[in-house]
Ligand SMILES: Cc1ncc(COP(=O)(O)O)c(C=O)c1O
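Consider the single chain below, provided in structure tokens and representing the form predicted alone.
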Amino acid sequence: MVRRMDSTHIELGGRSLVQFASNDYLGLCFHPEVIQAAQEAMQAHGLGSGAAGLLGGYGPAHARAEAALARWKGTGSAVLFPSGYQANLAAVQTLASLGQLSNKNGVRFLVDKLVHASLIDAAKGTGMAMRIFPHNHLDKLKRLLAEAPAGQMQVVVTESIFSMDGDAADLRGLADLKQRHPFVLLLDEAHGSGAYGPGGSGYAAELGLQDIADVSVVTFSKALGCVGGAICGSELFCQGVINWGRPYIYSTSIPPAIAAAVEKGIEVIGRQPDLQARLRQRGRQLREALSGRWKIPGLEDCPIVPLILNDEQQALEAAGLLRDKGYFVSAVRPPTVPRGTSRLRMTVCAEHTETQVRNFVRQVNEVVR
């Protein structure tokens, strides 16, 4: 059992450890303004929402959070969910329903091999046609689009920043491909939001390509420091989510306190750009320090830094030895990652100091041989 002490420390077995395993990239989980916003909302609206959104569980805190998310993402609207998993499920369900209504040959989902399990589960669950293309292999995707039956809606599903390798989708390539072979783009910005883009608005915004995503999904359990998720898209699409997205229809709304925390978190990120700058500096520092000995995949400043060890037992033993030395890091094994790619999945936070990262690297170099 782990007890979080602050953004960079946990208590485990009665010991304080410096952690490099959290997705709380900006440290907002412990940010005093975010906590205060949640506390005030709890006092005003109670602990829980009490019902699903369509049955009275949707209130002013939810409406304000959705408006803030839509402004943040540059979309017409947004819909809140209790988890990012449910948001992905509802986004795919809604696209399937729209495709069935508007196209005689229905929908086909073209899914990057390394997307989150929730997106693969969702596409399979629709019963619609589905093809998985090799990670970031746009030549294969181009061939799939070119051979698509006439009248069939093509939905490309990918992430902006991939959670295990810390690399990015080829959004420029997708933008070019979309001009030649039109498709609907569902972009999961779980790990891009907060870390990239103006005001943390995402990796697509960082590249000036936010308009290529027809539907984007953001989770609140990463850079926003709490829990839940949202679908961001046109007002019409979001109305479709409310009517066809079963995770929305049949789930109790997130607590008003979480909605208020999300709204405040977006405000804090926009007002304190140093958080994003420090996060990316720490990601660059950790990656550069490890790259002298290992080939580290991913973007140069990504907060996700994987050290691929291949052998499952080696990854487990390395994580255990690092705990003995005062550091907590996750060993990730199949089926979460493909066989032969077991790893230490290390993540940095804006609240990590240069000294903490430097000392951690020294211990990793001693432990992993």
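Don't overthink the numbering: it's just position in the shown sequence, from 1. Nothing here was measured: the structure is a model prediction, and the numbers come from that model.
There is another form of this protein, the form predicted together with the named molecule, and it is not shown here; the text below is about that form.
At a distance threshold of 4.5 angstroms between non-hydrogen atoms, Arg278 is out of contact with the named molecule in the predicted complex. The shortest heavy atom separation between Ser118 and the named molecule in the predicted complex is within 4.5 Å. The closest heavy atom approach of Ser163 to the named molecule in the predicted complex falls within 4.5 Å. In the predicted complex, the named molecule sits within 4.5 Å of a heavy atom of Ser221. Contact with the named molecule in the predicted complex, defined as a heavy atom within 4.5 Å, holds for exactly one of Ile258, Ile269, Ala190, Ala204, namely Ala190.
Interface residue among Pro247, Gly84, Pro297, Gly240, judged by heavy atoms within 4.5 Å of the named molecule in the predicted complex: Gly84. Remark: of stretches 167 to 175, 130 to 138, 110 to 118, 270 to 278, the one touching the named molecule in the predicted complex is 110 to 118 (heavy atom within 4.5 Å).
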